[in-house]
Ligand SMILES: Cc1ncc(COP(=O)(O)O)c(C=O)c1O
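A single chain comes next, written as structure tokens; it is the form predicted on its own.
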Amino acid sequence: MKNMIKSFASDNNAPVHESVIRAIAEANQGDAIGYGDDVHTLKAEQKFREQFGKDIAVYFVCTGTGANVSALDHITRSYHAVICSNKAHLHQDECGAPEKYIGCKLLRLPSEDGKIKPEQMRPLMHSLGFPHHAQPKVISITQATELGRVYSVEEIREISRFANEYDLYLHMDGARIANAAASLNVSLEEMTKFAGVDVLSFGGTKNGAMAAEAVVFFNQDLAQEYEYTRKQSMQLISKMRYISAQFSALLSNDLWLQNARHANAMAALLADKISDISGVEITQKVETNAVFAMLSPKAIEKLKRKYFFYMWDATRNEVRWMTAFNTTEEDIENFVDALKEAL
């Protein structure tokens, strides 16, 4: 692929933040005990406790899929079912890994914005206690959703209350949790632990890290023996200090929040500048760092000659444009100029 002026395809395409690179370099001094028994990992664990409280259990892994799959595998049995949106990363973008490695059935609920509601889940509860049906055990929500939308704290609490009513667990896929917290202007703890989330897949990679994700349990009893699940899930990294150091950098001096706020602000700027352009229709409310829009196939083809981005729904010519911590106002201006030219 030829070099592009700038990628608007995904925050995964952004570079690693320079502070994270420095933290990795600083960790790269001498020997350190492997598999997480090192001072860098202890420091990173403490950083998580500063954000989420002392009574958590946190484990570092290297991929978002690994975080989701290992977390869900640990709290389910093969005859259980996981309730999620039909837009969920679990369903659409993990190549069947949840079904293969967890063995659970995914019960997918229709959603236009990636969010699901208790009233959609209630009919599924009729399967409870009936041995011919997979047993609902976990509700998995994505914060922010795959369409850039955000659950309010009260919406999460409502889902948690529903989960408690039926003895279900609440899992949060937080690949872009930083962007959601920045959008809501709430603490990470308020949006997760205090809202009733049981287990969180915490994303660092999309927020400026290299390959750093975490699984956070808010009930330490639920976390018992997860270290074995992590190993079986092939997510226990030998040179753990290089993952841990990244989290220490992101969670120091609110770097995670600064990165997320900037990415969100750039998406808002992009949405504002294209909102009045004839031939472009924004299809989702812009709440985080994603802009979804429809435009003509011819314009999409022309724009892709200069910029890399993804088609979201080819059936209606809907594309996704994403910003990151390193997106500049100049990047937005240049992209908008190219868009106008393509139209």
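Just so it is clear, the model here is predicted, and its values are computed rather than measured. Residue indices: 1-based, along the sequence shown.
This next part talks about the form predicted in complex with this ligand, which is not shown.
- Candidate site formed by H89, E94 and K206: every one of these residues places a non-hydrogen atom within 4.5 angstroms of this ligand in the predicted complex.
- This ligand is not drawn, but in the predicted complex it has a heavy atom within 4.5 Å of E146.
- Proximity of T328 to this ligand in the predicted complex: non-hydrogen atoms within 4.5 Å are absent; the residue sits far from the partner.
- Taking the partner from elsewhere, R176 is found to have a heavy atom lying within 4.5 Å of this ligand in the predicted complex.
- Contact between S70 and this ligand in the predicted complex is not found at the 4.5 Å heavy atom cutoff.
- Proximity to this ligand in the predicted complex, taken as heavy atoms within 4.5 Å, picks out 56 to 64 from the listed stretches 32 to 40, 270 to 278, 56 to 64, 291 to 299.
- Of the listed positions (N259, S244, T142, T192), a single one reaches within 4.5 angstroms of this ligand by any non-hydrogen atom in the predicted complex, namely T142.
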